[in-house]
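Given as structure tokens, the chain that follows is alone and in the form predicted alone.
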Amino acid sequence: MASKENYRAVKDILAKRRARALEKAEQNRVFFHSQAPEAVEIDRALSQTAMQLFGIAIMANSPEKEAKLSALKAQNLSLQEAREELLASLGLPKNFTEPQYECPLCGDSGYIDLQMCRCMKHLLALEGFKTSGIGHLIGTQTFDNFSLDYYKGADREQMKRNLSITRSFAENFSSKSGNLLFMGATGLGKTHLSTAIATVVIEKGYDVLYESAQNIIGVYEHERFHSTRGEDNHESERYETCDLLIIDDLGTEFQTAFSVSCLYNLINTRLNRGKSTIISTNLTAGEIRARYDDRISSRLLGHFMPLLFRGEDVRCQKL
């Protein structure tokens, strides 16, 4: 599910929201007391009755307990009415001194009876968009605005199939969703459908990371050759552990023994852990076999569902 970093970021957001609401409520209470000094004694009495009500509530059931509860409830109600009248006399709302949380359902805590509140789910999705690597594309490239009008004949049928498969992949995403290999020239919709998948999967609460093959290799190189001792390698670790990794432009990375080793270890690790991966490349199956050794090519062509992207460059057609 969502990464630890995203959880921490969202919890920090909620904590700050809650603190702001509590601080504002306290400021309002101080202002109210300054304008209506008699409210100070009313609030003190309300606090005392609340403590007394709790003490009586844990007593054994008896006629005396019921009588005391009834009397205290009546007293509490009278105090609240007096307080509300003071607020009204100053033109202030009844809830003026109460915290006004952005989410009234959970009080900006993120949870309702140990269940994650929808506000926290929404924040996790937003944070997921930011850290996915395609935050600037989220919302602009969706399944609904993927147009088949730019494809003709057999190419259109192929792309219609691709659209159906990728939509189903996203909508039914789970830990057993498998892997996809997008193969085709530039400008045929690989990035569009990758973004559409990422949008849906992130909204379902999963941790998604989108990065180019070259940048991934760069991160591994930095951590291997340039990191200082003791430095946390969270970025490369996330490539191996996120629920869905989307690797763009495989085949454009500068090829070295180190880069090939990194790719193999990353792909193999994710396969062994049952983590889904989508790889996008301009290479054909033959070119994949020619560029990479059997360890990589056999995994790409044997453990990934290949989707062929065909047609004329959509970007050029739009221009």
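Residues carry their position along the shown sequence, with the first being 1. Since the model is a prediction, treat every value here as computed from it, not as a measurement.
Below: the form predicted together with a small molecule, not depicted.
**Q** In the model of the complex, does each residue in the set Gly251, Ser259 and Arg291 place a non-hydrogen atom within 4.5 angstroms of the small molecule?
**A** Heavy-atom distance to the small molecule in the model of the complex: none of the three under 4.5 Å.
**Q** Which pick from Thr97, Gln158, Ser177, Thr191 sits with a heavy atom within 4.5 Å of the small molecule in the model of the complex?
**A** Exactly one listed residue reaches within 4.5 Å, namely Thr191.
**Q** Consider the chain as shown here, without its partner, and state which of Asn145, Ser89, Ser168, Gln115 has a heavy atom within 4.5 Å of the small molecule in the model of the complex.
**A** Filtering the options by heavy-atom distance leaves Asn145.
**Q** Can you tell me if Gln141 lies within 4.5 angstroms of the small molecule in the model of the complex, counting non-hydrogen atoms only?
**A** Judged by the heavy-atom cut-off of 4.5 Å, Gln141 is in contact with the small molecule in the model of the complex.
**Q** Taking any heavy atom pair closer than or equal to 4.5 Å as contact, tell me whether Gly187 reaches the small molecule in the model of the complex.
**A** Contact with the small molecule, yes.
**Q** Since only the chain is shown here, I'm wondering whether Asn282 would be in contact with the small molecule in the model of the complex (any heavy atom pair within 4.5 Å).
**A** Residue-level check for Asn282: yes, a contact with the small molecule.
**Q** With heavy atoms only and a cut-off of 4.5 Å, decide whether Lys318 touches the small molecule in the model of the complex.
**A** Yes, Lys318 lies within 4.5 Å of the small molecule in the model of the complex.
**Q** Looking at 213-221, 147-155, 237-245, 73-81, which stretch has residues with any non-hydrogen atom within 4.5 Å of the small molecule in the model of the complex?
**A** Careful reading of the contacts points to 147-155.
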